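For reference, the chain that follows is the form predicted alone, supplied as structure tokens.
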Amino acid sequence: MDLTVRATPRLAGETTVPGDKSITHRALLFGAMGDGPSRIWDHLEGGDCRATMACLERLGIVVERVAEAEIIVHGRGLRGWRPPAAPLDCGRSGTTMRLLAGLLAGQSFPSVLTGDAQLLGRPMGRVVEPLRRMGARIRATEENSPPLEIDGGSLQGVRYELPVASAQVKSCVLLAGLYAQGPTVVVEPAPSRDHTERMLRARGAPLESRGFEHTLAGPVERLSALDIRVPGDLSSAAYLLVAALLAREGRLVVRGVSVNPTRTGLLSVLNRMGARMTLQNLRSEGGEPVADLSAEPSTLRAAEVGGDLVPRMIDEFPILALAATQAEGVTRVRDAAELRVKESDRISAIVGELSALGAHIQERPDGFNVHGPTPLHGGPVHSHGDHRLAMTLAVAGLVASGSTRVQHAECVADSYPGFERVLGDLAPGALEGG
């Protein structure tokens, strides 16, 4: 699917965004580990989360659809999963593969984790290495890429210091720690999203966190079943919020968005840049802070981004780069080399595609510099099969002169099914054929 977007001065209205992708993955996995059924409302139906659901079903977990926005995961406990008859296809989802690797390392049967070509090229050494230290038997390619062949068995708790802040690696090790003899200690160099820790505690796991150090006392015999309503995904809301900031007129409200403090780095940066945004109706849903966010046209100024802020906005750097093209001054991003091992090399891809639209952006080993404000012009751009890049380029089309054609934009369904429809509703006339 190609998506053609035309420049439009106005973006306005109220909307919601799909359920948080990170929380949906974990709600499915924790539901499968729970003793009995767990009900999940407003889960994300995107491709990545469907991959997690399909893998669980191959492991003997029944996922029952009750209504359009409601499912029941019939948990089989921590040790009641069935050996899969075939390799588990994680699609393009690195979260699926990394979190399942931790859980399967403690099972009593062998399994294989695989995926499509994009995922098979992503590095998995960051989870393979700590799991092997715990006693897991894992085979990977010479580059520590998938497929991962895992012989489940006896694990021992370890103390593991993450070389880079990563919620996926932290979660993988903690989940393996559920099956390990003795304490498993994970030390982060900086805070990363904490959905796994919140869910472990909510389900009765003996997890203690002190600063950046998390200790799980294993082995754990059972986890409670727990119902959860998944809040809207801040990463998905980010595209619409930035579109509203860059518009010339209108006002946008996005309701029911997760504002977990480990995820709100982009909001902090945009506020420093002068964004006219407000957070209202702050409340708690399912143990997660949730709020309604509003944004309206703003005059932005450049910002410096690096250090501990990076993990708190690791998925939002493409849309930040676009915002920076319209900000006064030079926005500098550093300490973000992690972006090179996402669904695409996001540093190289965002620099290349925004440059094609006229942006003055320079690639750095661990980030980029953006000079603004710079007028953008439409033209053909490519998603690189990366949902976050595709949506960023679609928003760029709203402010670029002429029309912008985002090639292979079908990947937006990985995290935001229906994105193009919502964009067309909020900015009438922006989409070709809309």
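Predicted model, so just to flag it, every value in this text is computed and none were measured. Residues carry their position along the shown sequence, with the first being 1.
Same protein, other form: the form predicted together with shikimate-3-phosphate (S3P), not shown, and the subject of what follows.
K.L.:
So if I measure heavy atom distances to shikimate-3-phosphate (S3P) in the predicted complex, which of the stretches 274-282, 160-168, 173-181, 83-91 falls within 4.5 Å?
P.N.:
The contacting stretch is 160-168.
K.L.:
Can you pick out, from 334, 198, 342, 301, the residue that has a heavy atom within 4.5 Å of shikimate-3-phosphate (S3P) in the predicted complex?
P.N.:
In short, 342.
K.L.:
Can you pick the one in 155, 314, 361, 349 that has a heavy atom within 4.5 Å of shikimate-3-phosphate (S3P) in the predicted complex?
P.N.:
By the 4.5 Å criterion, the partner-contacting residue is 314.
K.L.:
Does any heavy atom of residue 326 come within 4.5 Å of a heavy atom of shikimate-3-phosphate (S3P) in the predicted complex?
P.N.:
Because no heavy atom of residue 326 falls inside 4.5 Å of shikimate-3-phosphate (S3P) in the predicted complex, the answer is no.
K.L.:
Classify residue 95 as contacting or not contacting shikimate-3-phosphate (S3P) in the predicted complex by the rule of any non-hydrogen atom within 4.5 angstroms, answering yes or no.
P.N.:
Residue 95: contacts shikimate-3-phosphate (S3P) in the predicted complex.
K.L.:
Would residue 43 sit within 4.5 Å of shikimate-3-phosphate (S3P) in the predicted complex, counting heavy atoms only?
P.N.:
Taking the distances in the predicted complex, the answer for residue 43 is no, it never comes within 4.5 Å of shikimate-3-phosphate (S3P).
K.L.:
Does any part of residue 126 reach within 4.5 Å of shikimate-3-phosphate (S3P) in the predicted complex? Heavy atoms only, please.
P.N.:
Yes, contact at 4.5 Å.
K.L.:
Mind listing which residues of 190-226 have a heavy atom within 4.5 Å of shikimate-3-phosphate (S3P) in the predicted complex?
P.N.:
Heavy-atom contacts within 4.5 Å come from 193 alone.
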